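Below, in structure tokens: the form predicted on its own, a single chain.
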Amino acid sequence: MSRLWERGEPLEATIARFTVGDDPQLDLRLVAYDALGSLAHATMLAEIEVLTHEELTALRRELRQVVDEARRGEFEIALAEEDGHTALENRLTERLGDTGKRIHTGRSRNDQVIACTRLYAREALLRVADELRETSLALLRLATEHRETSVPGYTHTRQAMPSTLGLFFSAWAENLLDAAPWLEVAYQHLNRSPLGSASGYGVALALDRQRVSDLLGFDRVQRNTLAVQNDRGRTEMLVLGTLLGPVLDLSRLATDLIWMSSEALGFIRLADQVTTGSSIMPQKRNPDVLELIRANGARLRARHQEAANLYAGLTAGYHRDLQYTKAPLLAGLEETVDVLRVLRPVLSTLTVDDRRCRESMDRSIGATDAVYRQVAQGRPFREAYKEVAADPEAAVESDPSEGWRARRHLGAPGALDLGELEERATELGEWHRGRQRAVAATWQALLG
């Protein structure tokens, strides 16, 4: 069992442990993708006659078995092997001898790790897109159900104007769907083949980089070999930055739901099956899941900043610093899927206290509507404002809770049109399904 770079000189044990870090554990998630990239690479090597047909057949057999083992959680990476790339090559060499030793021809661990990370991340981004769509639809279902449920609208955490829960839930659905174009751009950036760039300067072989790109279902080759290496860290920063939008939206939505379900407001009730109890207070049901969703916004900001800080200030080419960008990327992708998914049971089981929503409104919440009734009769806004401000409650002529009905311009609570958001969710679903089919076709073509 040897390291890929080993020449016989001993490596001090503490240095070995420190430089390896968490790579063996992290790479267990990437091994199947490393094997997929190796299948494409080996196919190309056979086509340019670096490998024989028999060698390619043997490599395909072993690499397919590695994929199966990795998917079952049975593939192992020893600490002495440093990472999944070494473990994979050691496995092929152990089983196939010299044929296994030829798999690294024309590549470096540099382009190898970038390739398998991109292959993993593009599928993870597709999972994010799917979960984002489903969570948006859950919010739109609540918006439809509570289109006319009156509730105070707030600014500065103070009652501002009459509104509806339909406006509230659809606002967060729209904010989540706003992330869809960002996800698509991040996917396009990821979906470029780095293989053949080696350590940043190519190799003295007639590699067919386009062929490898096509086999792996990438949109195109990332052309400049040094630019590939310069992109490591930047890609992680871009993807994590893209995830920040929806995760921070969920963090704020979670805070809203915590507040609205508190005893002080009581607008909504969280179901017992999505809340937890107290170890000392038997009456308590706690919104732990929402608090942890909120906390994930802070965690993702830290992961994004970590990747940005590691990337900044490096000279061109690869540096070992960039090893540390893998952990925040993998964690950020997986946690984003989790927070999108875990919110849906909360949304599907919450109940609304319509009476509490309506009766919580202060009479003065209708003051702005009183101003605009005068404006509609021709009075200048500022004059009407000053008159109502002198005694806001007296200026409100009737129950203010229905005031939202008078606001019927585009996007206002009195003219809530959810059709456009539903169309955007449909478009995101179509994009996701098209990309998912392409990814599945790549696996099928290479695994057979």
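Worth saying up front: this structure is predicted, and the values here are computed from it rather than measured. Sequential numbering from 1, following the sequence displayed.
From this point on, the text means the form predicted in complex with another copy of the chain, which you will not see here.
Trainee: Counting non-hydrogen atoms within 4.5 angstroms of another copy of the chain in the predicted complex, say which of Cys357, Ala138, Met161, Ala87 makes the cut.
Mentor: Looking at the other structure, the residue within range turns out to be Met161.
Trainee: Of these, Val375, Ala271, Val352, Leu347, which has a heavy atom no more than 4.5 Å from another copy of the chain in the predicted complex?
Mentor: If I apply the 4.5 Å criterion carefully, the residue I get is Val375.
Trainee: Has each of His53, Glu148 and Arg433 got a heavy atom lying within 4.5 angstroms of another copy of the chain in the predicted complex?
Mentor: No, because His53, Glu148 and Arg433 lack any heavy atom that approaches another copy of the chain to within 4.5 Å in the predicted complex.
Trainee: At the 4.5 Å heavy atom threshold, is His189 in contact with another copy of the chain in the predicted complex?
Mentor: Yes, His189 sits close enough to another copy of the chain in the predicted complex that at least one of its heavy atoms falls within 4.5 Å.
Trainee: May I ask you to state whether Lys326 is within 4.5 Å of another copy of the chain in the predicted complex, using heavy atom distances?
Mentor: Lys326: no, not in contact with another copy of the chain in the predicted complex.
Trainee: Using 4.5 Å between non-hydrogen atoms, is Thr144 touching another copy of the chain in the predicted complex?
Mentor: Result no; Thr144 lies far from another copy of the chain in the predicted complex.
Trainee: Using a 4.5 Å heavy atom cut-off, state whether Val371 contacts another copy of the chain in the predicted complex.
Mentor: Yes - in the predicted complex, heavy atoms of Val371 and another copy of the chain come within 4.5 Å of each other.
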